[in-house]
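Below you'll find only one chain, the form predicted on its own, shown as structure tokens.
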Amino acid sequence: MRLKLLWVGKTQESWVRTGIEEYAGRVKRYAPLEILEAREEKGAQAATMRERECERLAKLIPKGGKLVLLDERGEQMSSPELASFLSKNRDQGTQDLVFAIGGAYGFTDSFRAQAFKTISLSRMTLTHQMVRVFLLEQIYRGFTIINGEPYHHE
């Protein structure tokens, strides 16, 4: 199973980039990982920005890829539940598991309709920049749980 992380815009803060690099490197020990950035739309109304960004994200999804959206209104999972989700997809032969983080205004309804699953890392609103690190850390944690490694504690 290949993992693809899609997000809108470049990572602005150097400390966020450092976190992404750290956890991406850790995840790559368990599965191939590709991170793709869609250009952020600027200077338009929120609805237009959301529409254009989702069009760009959609072009990055490989044919047959299972799309998982990160959205505060999505299903909340514990770390062991995310591990189970990753394991099930791997064992069922999912070729590409694609996680998408939207821009500041989120996703369009038509893009949401393409999703296999929508998950939330928190009921709190998190910046779409920080969510990148949090998602990668949780994926890494999931793989350590799957492999019975001592990273996660109950």
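Residue positions are given as counts along the sequence shown, with the first one as 1. Here the structure is a predicted model, which means the values were calculated and not measured.
Unshown form predicted together with a small molecule; subsequent notes refer to it.
Colleague: Decide whether L121 counts as a contact residue for the small molecule in the predicted complex under a heavy atom distance cut-off of 4.5 Å.
Modeller: Yes, L121 is a contact residue.
Colleague: My question is simply whether R26 lines the interface with the small molecule in the predicted complex - judged by any non-hydrogen atom within 4.5 Å.
Modeller: The answer is no: R26 has no heavy atom within 4.5 Å of the small molecule.
Colleague: Can you work out whether I35 and the small molecule are in contact in the predicted complex, taking contact to mean some heavy atom pair no more than 4.5 Å apart?
Modeller: No, I35 sits far enough from the small molecule in the predicted complex that none of its heavy atoms falls within 4.5 Å.
Colleague: Using a 4.5 Å heavy atom cut-off, state whether V131 contacts the small molecule in the predicted complex.
Modeller: Yes.
Colleague: Residues in which of 59 to 67, 35 to 43, 103 to 111, 81 to 89 have heavy atoms within 4.5 Å of the small molecule in the predicted complex?
Modeller: The contacting stretch here is 103 to 111.
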